[in-house]
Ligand code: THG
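The chain that follows stands alone, in the form predicted on its own, written as structure tokens.
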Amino acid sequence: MALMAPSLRVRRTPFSDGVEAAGVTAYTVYNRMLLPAVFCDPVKDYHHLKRAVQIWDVACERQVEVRGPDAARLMQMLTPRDLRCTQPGQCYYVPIVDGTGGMLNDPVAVKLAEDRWWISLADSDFLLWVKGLAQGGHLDVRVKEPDVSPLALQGSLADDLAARVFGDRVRDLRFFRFGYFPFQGRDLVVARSGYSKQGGFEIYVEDSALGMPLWNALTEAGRDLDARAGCPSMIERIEGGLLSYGNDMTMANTPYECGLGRFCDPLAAVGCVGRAALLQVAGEGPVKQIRPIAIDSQALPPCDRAWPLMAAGQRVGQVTSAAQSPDFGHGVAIGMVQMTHWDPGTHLQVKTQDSTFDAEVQKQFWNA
């Protein structure tokens, strides 16, 4: 594969110097920013994540700040999730839809105050959509990209590492809650959240100048914990059923097709731009939906394209993310499957670019 040429259109992050010093061996591009993809190798990185703690540069999770008297109204326009009962200090996973009910993003919304939110983005253009809704609706709100860059601690020892830098109070944070914790004279938002099933925190670094001081402090504090630089593990996130926007779902899919119906309440989400479309979808039900797929394999090629799912010679879906699982001894995958073939135990075949493998629809994800 050809190397990527450096460009100012693909931005470095406040942590890039630390990432490079830690020996990153591969990047991907996410929201026009560098996202580390490999350090040692994917399997070694996977095992380390499960037994220790990693420091992740996830500054590519760009923030959209919504602030002003109409902030709550604009936030509800974006999502079919009912936000009326949210409180400052909470994080909410929010499917974002357009007027047809198609998924535009699946970010985490961070409610800082009644009139101030951060939207922590998945990989899609989104800032201009929010600005457009605010402008078109003549809302009294300011929409911007703030100087906020998330840094994640993930792994079984994440609590120990966080406590060494932020104090033992950080251990008391509940899931999808955040608090303010001091670092070098600044109060940083620290949330119990992250893109793995191993547990940990996301630190919202408000000021790029604090990026490397925080990176260095965490690295030094975690030496005896075997803390090291890491990155989201595709193997681990598939085992846990964590979806990837742009891979497992796109604008062509509704939240119900993505298995995200529990995060939607179009009856209550008055003002959501996709409300009418989703009310219809909710009533009729989806005709295809994401399912966990086990693949009978000893090794899999990179899933860099959609793999057809076949039954009796007919295409009945596609695999969108797949990897060989060291812990489970077979291929693990996320697939979009037609309702005629989505029941657990259904036998299928998956056609990769190299060969065809037997596959089976699973009842649940492996680390759900």
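Don't overthink the numbering: it's just position in the shown sequence, from 1. Worth saying up front: this structure is predicted, and the values here are computed from it rather than measured.
FYI, the form predicted in complex with ligand THG isn't displayed, but the following is about it.
Contact with ligand THG, judged by heavy atoms within 4.5 Å in the model of the complex, is confined among 257-265, 164-172, 180-188, 286-294 to 257-265. In summary, among the residues Val205, Ala122, Met103, Ile235, the only one with a non-hydrogen atom within 4.5 Å of ligand THG in the model of the complex is Ala122.
The candidate site formed by Val108, Phe176 and Tyr195 is fully in contact with ligand THG in the model of the complex, as each residue has a non-hydrogen atom within 4.5 angstroms of it. Of the heavy atoms in Leu83, none are within 4.5 Å of ligand THG in the model of the complex. Heavy atoms of Glu61 reach within 4.5 Å of ligand THG in the model of the complex, making it an interface residue. Interface residue remark: Ala269 is not counted as part of the site for ligand THG in the model of the complex, having no heavy atom within 4.5 Å. Using a 4.5 angstroms threshold between heavy atoms, Tyr30 counts as touching ligand THG in the model of the complex. The partner is not shown here, but in the model of the complex the stretch 232-248 reaches within 4.5 angstroms of ligand THG through a heavy atom at Leu242, Leu243.
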